[in-house]
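Just one chain is shown here, as structure tokens, and it is the form predicted on its own.
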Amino acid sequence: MKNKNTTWTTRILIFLIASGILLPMVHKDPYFLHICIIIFIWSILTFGIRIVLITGHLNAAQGGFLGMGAYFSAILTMKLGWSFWISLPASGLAVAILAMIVGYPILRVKGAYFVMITFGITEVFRQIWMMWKDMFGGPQGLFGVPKPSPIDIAGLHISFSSKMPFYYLALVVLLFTVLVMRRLDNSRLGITLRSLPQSEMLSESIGIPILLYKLIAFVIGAFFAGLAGSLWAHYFTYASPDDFNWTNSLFMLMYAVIGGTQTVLGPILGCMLLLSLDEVLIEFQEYTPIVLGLILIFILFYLPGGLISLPQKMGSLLKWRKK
């Protein structure tokens, strides 16, 4: 069963990658490409929160780490004159270091207390951004964040004056995220992380350093939030405190749960469905939270494994009807 599920997941991933590469050649509408870019960035964020979620923690600080990545990349390019291509990985590393500093003490806390602490961390970040005007621009934020500088690849001069080059940039970062997360899932580290919620006492009794493994997951999730934040700032060309709050973390958790946390396909499916639905219901925004809530309730009751478990669920129902 495991091999069949792995093969099925691999095929779907290959299909999504091929579709992602070919899609702009078929559908060049700028607004459509904009929606795809948003889905890619949110998928990267949701991957980051998923790796913490599988350890048994609900992380409300991911929205704050997103903002830190955006501000860090904006400051590096605007005030220090760094290239975007250096500030992108630097932002991920900086946010990962920040997560290591704050994660070591707070990961000792469990349950609702952990959620409250991570919520508080995001609010502390927002207050720093608003109060430190010289560095972060205050409540208005930083405007005029430059687009990625042009690059030459295989004799092609790529300028980011249009949406298509940024589409492929966000797609490449997403594919890198998928590759890393897939390798982690199949590694000893991934197996250990998934086993932690089952019995922490048992894990401790056989010598597994639980705090270290949780910290690793927390730092990895923050690293990808930093990458997503850099993409966010240089795509929208600004970074504002209003865009980076705990509600972003809530949406990431919702996307991860609805898509499913069993495989790397879950976050992508969750983001694709809910962000596309958000655009479909754009004229009825006041009803969007109700629709999302109903979808979440349905998933929790009938598909606790998320959308990724739907084929398996349908197969079980067909076998039951045949009996």
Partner chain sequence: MDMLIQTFINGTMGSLILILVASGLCMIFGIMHIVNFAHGEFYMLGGFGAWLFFDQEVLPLFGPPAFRYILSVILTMVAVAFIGIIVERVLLRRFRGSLQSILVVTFGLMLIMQASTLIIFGVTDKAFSSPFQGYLSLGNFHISQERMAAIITSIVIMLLLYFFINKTKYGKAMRAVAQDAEAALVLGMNFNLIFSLAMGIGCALAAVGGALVGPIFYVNPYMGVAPVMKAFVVIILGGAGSLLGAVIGGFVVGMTEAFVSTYFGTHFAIMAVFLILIFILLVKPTGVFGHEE
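Numbering follows the first chain given and starts at 1. Just so it is clear, the structure is predicted and the values come from calculations on it, not from any experiment.
As for the form predicted together with its partner chain, it is not shown, yet the points below apply to it.
Fill in: Exercise: I21 in contact with its partner chain in the predicted complex, heavy atom 4.5 Å
The answer is no: I21 has no heavy atom within 4.5 Å of its partner chain.
Discussion item. Does any part of I153 reach within 4.5 Å of its partner chain in the predicted complex? Heavy atoms only, please.
Written reply: No, I153 stays farther than 4.5 Å from its partner chain in the predicted complex.
Worksheet item: Quick one: does D242 come within 4.5 Å of its partner chain in the predicted complex, counting heavy atoms only?
Response: Taking the distances in the predicted complex, the answer for D242 is no, it never comes within 4.5 Å of its partner chain.
Practice prompt. Would you please decide whether I121 lies within 4.5 angstroms of its partner chain in the predicted complex, comparing each non-hydrogen atom pair?
Written response: So I121 counts as contacting its partner chain.
Fill in: The unique member of Q127, S83, S159, T237 whose heavy atoms fall within 4.5 Å of its partner chain in the predicted complex
None of the others qualify; the residue that does is Q127.
Worksheet item: Of these, M135, L93, M116, V172, which has a heavy atom no more than 4.5 Å from its partner chain in the predicted complex?
Response: When its partner chain is considered in the predicted complex, the option within 4.5 Å is M116.
Worksheet item: Taking the partner as it appears in the predicted complex, which of 290-298, 22-30, 266-274, 39-47 has residues with heavy atoms within 4.5 Å of its partner chain?
Response: Only one stretch qualifies here: 290-298.
Practice prompt. Output the sequence-ordered list of residues from 257-273 with at least one heavy atom within 4.5 Å of its partner chain in the predicted complex.
Written response: Residue within 4.5 Å: V257 only.
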